[in-house]
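Quick setup: one chain, the form predicted alone, written in structure tokens, and binding and motion questions come after.
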Amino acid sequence: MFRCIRVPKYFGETARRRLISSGMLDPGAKIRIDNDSILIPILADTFGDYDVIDADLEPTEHRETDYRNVANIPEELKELLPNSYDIIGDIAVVKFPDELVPYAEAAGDALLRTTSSLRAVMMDLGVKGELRVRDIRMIAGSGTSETIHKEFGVTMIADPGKAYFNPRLSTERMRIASMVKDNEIIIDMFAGVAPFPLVIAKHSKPSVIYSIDLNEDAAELMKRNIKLNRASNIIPLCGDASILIKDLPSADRIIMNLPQIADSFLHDALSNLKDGGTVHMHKIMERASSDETITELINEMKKKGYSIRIDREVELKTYSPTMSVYVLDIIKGS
């Protein structure tokens, strides 16, 4: 018997990728289809909100799946190898501490040998410029940084070397899609290759989604993704969101996934949001003082003439030892 999560077939690939990236997929058993669900073996007692059961799964032939065990680097450095990384389509994007950079190729080769779904491994050298583009370098594998990424029934062309893309926000994208009411007008101010608009268009019935990005490469990928998914209610726009938004209809919902500086655009979003509408804003905050930061934000918007309340505050991921990325659901008052 193996400990498993029960996942609807529709969400299976997304759940599997999340388990792999977090090091919690149990390689000792094969995934099994069970009516409209799939059973995925895990190396933990729980994972997210999925139901956990013990199930009789077929054992897999033993094969090393932890790249840290086979990486050809000095033993004393192996404990520094990251146990989580981004998987985007068939590429892995890994950030190494400085001590491991000279051994990056060896680590990348180990990842390829232990993860059959990967085509290439890229080293993350940090985000550069105002366009939030990762500086990446191939350390193992072949091909380019363009890849096909799938989540929740949506197929997306992504290229982390040209446009920002975060695969770890898949659950957040689906959460927002589940909140959208029929015929809503939605604006994504910093859309990248349009993952939020695409998932929303797939799983709800908005009237229109305006998908904006300043990055021309992102805008081109966005257009390709709209065509690929036949999402005719998504309108791609390339330019400064704070300017373009002024010519758009008032929105029911606005997405602001730019955690470093999104709050500096909040007054622009509120100026084009209907009363009672929602802004989903991502923001980096000190964990110890997040409440004070939110109070300051509310007071700052009040000075600008906007009454807002925070309907939901959730920590999405760790950003530094003392800071995290949060998503705030902000409701505009009358």
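In case it trips you up, residue 1 is the first one in the sequence shown, and so on. Since this is a predicted model, take the numbers as computed values, not measurements.
As for the form predicted in complex with a small molecule, it is not shown, yet the points below apply to it.
Proximity of residue 240 to the small molecule in the predicted bound form: non-hydrogen atoms within 4.5 Å are present.
Interface residue remark: residue 166 is counted as part of the site for the small molecule in the predicted bound form, having a heavy atom within 4.5 Å. Using a 4.5 angstroms threshold between heavy atoms, residue 265 counts as touching the small molecule in the predicted bound form. Heavy atoms of residue 212 reach within 4.5 Å of the small molecule in the predicted bound form, making it an interface residue. This chain lacks the partner; the member of 174, 80, 258, 106 within 4.5 angstroms of the small molecule in the predicted bound form by a non-hydrogen atom is 258. Proximity to the small molecule in the predicted bound form, taken as a non-hydrogen atom within 4.5 angstroms, holds for one residue of 99, 135, 130, 247, which is 130. Contact with the small molecule in the predicted bound form, judged as any non-hydrogen atom within 4.5 angstroms, is confined among 117-125, 158-166, 71-79, 179-187 to 158-166.
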